[in-house]
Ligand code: ASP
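Given next, in structure tokens, is a single chain: the form predicted on its own.
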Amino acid sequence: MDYYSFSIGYSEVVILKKNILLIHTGGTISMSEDTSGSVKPGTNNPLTEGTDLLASLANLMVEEPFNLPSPHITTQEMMKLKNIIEEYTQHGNIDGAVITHGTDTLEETAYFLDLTVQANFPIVVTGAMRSSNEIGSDGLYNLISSIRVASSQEARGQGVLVVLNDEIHTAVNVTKTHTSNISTFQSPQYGPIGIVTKRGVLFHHTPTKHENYFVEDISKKVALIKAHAGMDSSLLKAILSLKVDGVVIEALGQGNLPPAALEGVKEFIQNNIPVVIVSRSFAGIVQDVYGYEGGGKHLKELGVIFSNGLNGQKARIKLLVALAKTDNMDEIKEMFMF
């Protein structure tokens, strides 16, 4: 059938099924727990074996380009996902896409796709905190919710979405906040933009802006480091010697660094290598407020780029995308003001 239905009171609601591209990439959502308590990939992906169960919700086109734990994911796999989605955009009648993914790097893949995919239908990334055969497994439930969101007309124009635990988050804001809790994915700054209920998909917020860039390859190297009390320039100089193309620093508070770290920062800038500052704090944005040595105002005067609310891992993804577009420092700064 090309529709499914459910009842509300005495009325039956009929929903036309949408054409949904379902891409499996691996992760806990596709793993099983063995008798020793170890969670790892098996011979077969349990989600692909359960595709018939999901067919009542949508007309599914299933792809499994790789089966990797999310710590194994690189920008090359992210590019592969981008290309698959765009190929279906050009050659297929697609209403939405759902990607299953390990949770450790899920937010980075989701944000990369949000920045780069050229598609006008909803794209949803989901995962699970409990493997397929554990008691209370959340994988199949999250996948069902994600298919429903990807099938929703209201999901169009919202950017790439992350759906877990009955909540809908934007890729730009969501982050993993707990090592094992099923409600680990939160958006600290703004909260979820919608919820998934038994009766429907409800959006209560809409992003006011969305950025997107055309890229064909990601080949630059960007390092990510965290500032700390007593930090000096030794780590920055060591990273510079590795011939990186950029660095993201999770700075203190609103965007401040210890004075001893400034020499290393200056060497990056003198070599026309972008230094992007985010905060190591859980929420808030970096600002050029403090005028003391190493304070945000001082750093901005040196030429450091301030990110508008991204966490470290997403700022790294954005800098990789920016460097794929340009090596002009002013243009990169402009991108990070968005």
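Numbers for residues come from their place in the sequence shown, where the first is 1. Quick caveat: nothing in here was measured; it's all calculated off a predicted structure.
The same protein has a further form, the form predicted in complex with the ligand, not shown here; the description that follows concerns it.
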Next item on the list: Find the only residue in Gly264, Pro192, Gly246, Gly102 having a heavy atom within 4.5 Å of the ligand in the predicted complex.
Entry: Gly102
Notebook entry, point to check: Tell me, which of Met129, Met231, Val201, Leu236 has a heavy atom within 4.5 angstroms of the ligand in the predicted complex?
Noted result: Met129
Notebook entry, point to check: In terms of non-hydrogen atoms within 4.5 angstroms, which of the given stretches 299-307, 265-273, 59-67, 23-31 touches the ligand in the predicted complex?
Noted result: 23-31
Check: Is there any non-hydrogen atom of Gly136 lying within 4.5 Å of the ligand in the predicted complex?
Finding: no
Next item on the list: Could you confirm whether Pro71 comes within 4.5 Å of the ligand in the predicted complex, counting heavy atoms only?
Entry: yes
